[in-house]
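To begin, one chain is listed below as structure tokens, in the form predicted on its own.
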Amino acid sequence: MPELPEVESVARALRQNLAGRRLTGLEAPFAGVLDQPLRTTRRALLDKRLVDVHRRGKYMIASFARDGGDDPAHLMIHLRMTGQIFILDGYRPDKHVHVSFDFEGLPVHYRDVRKFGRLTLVEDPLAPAALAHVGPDMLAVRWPEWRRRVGSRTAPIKAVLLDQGVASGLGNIYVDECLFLAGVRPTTPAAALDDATLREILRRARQVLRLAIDHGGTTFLNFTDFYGKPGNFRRQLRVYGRAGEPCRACGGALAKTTVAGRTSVYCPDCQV
């Protein structure tokens, strides 16, 4: 499932390649991924220029407006498990392309094998009502709020970090990675951690996310970036997906457990 770094890489590419372009066509062979009727979505977006793409956690919000900034409209995109947005020269859409955008002759496709992703018109690009349940972005949350949201929770720290209502953007891959760097076992109750450790988890989470963004994210199954290329952060992973292999720090065997229904890999010696 695309997490914050994967979504950020797509959002940046959309801004770099499409900002200022007018949306001249919008087709939806499978309109079920649209939360509003196709005619409503077309009426809101067509003949407007893309002016910005804002990301919050795992969500992207593309803002459109007519020349001069009039009549703005905002499309929120959640890739969920297998959603992809890309442009490829000579690409012929297959049965999994459910929405195609035409930006003045430049085709951009939304492809989603599982059809779980959603494209939703929202009223506010910065604080849409549809995201009222989502916590602050992991790259923006400040220490006092982080401590308040995390420090009193009795659930395992990994379960707390996976909770998008606490802070948004982290998923299974990057939670395992940041907890390894912070030296914290994923099963440790969040409330058992002191302030210094909570600060270290926040610092390490941001470090991992920024490094993953620089590498275009992580690809295991379906994720590709805007140009159809997989993310290459996989080679940087220290623990995720490596159960039974040697720890890159101490050489001991990595172990795995289950937290919040997700497989978690950790080092029994480096994480206490």
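One rule holds for the numbers: they count along the sequence shown, beginning at 1. Keep in mind that what you see is a predicted model, and the values were worked out from it rather than measured.
Heads up, the form predicted in complex with the DNA isn't pictured, but that's what we're talking about next.
Residue 143 falls outside the set of residues with a heavy atom inside 4.5 Å of the DNA in the predicted bound form. Contact annotation: residue 73 falls outside 4.5 Å of the DNA in the predicted bound form, judged by heavy atom distances. The closest heavy atom approach of residue 109 to the DNA in the predicted bound form falls outside 4.5 Å.
Among heavy atoms of residue 248, none comes within 4.5 Å of the DNA in the predicted bound form. Only one segment in the set 101-109, 152-160, 198-206, 84-92 has any non-hydrogen atom within 4.5 angstroms of the DNA in the predicted bound form, and it is 152-160. With the partner omitted here, the residue from 181, 122, 113, 193 that has a non-hydrogen atom within 4.5 angstroms of the DNA in the predicted bound form is 113. Taken together, the three residues 55, 210 and 233 lack any non-hydrogen atom within 4.5 angstroms of the DNA in the predicted bound form. Taking a 4.5 Å heavy atom cutoff to the DNA in the predicted bound form, the contacting residues in 72-97 are 78, 80, 81, 95, 96.
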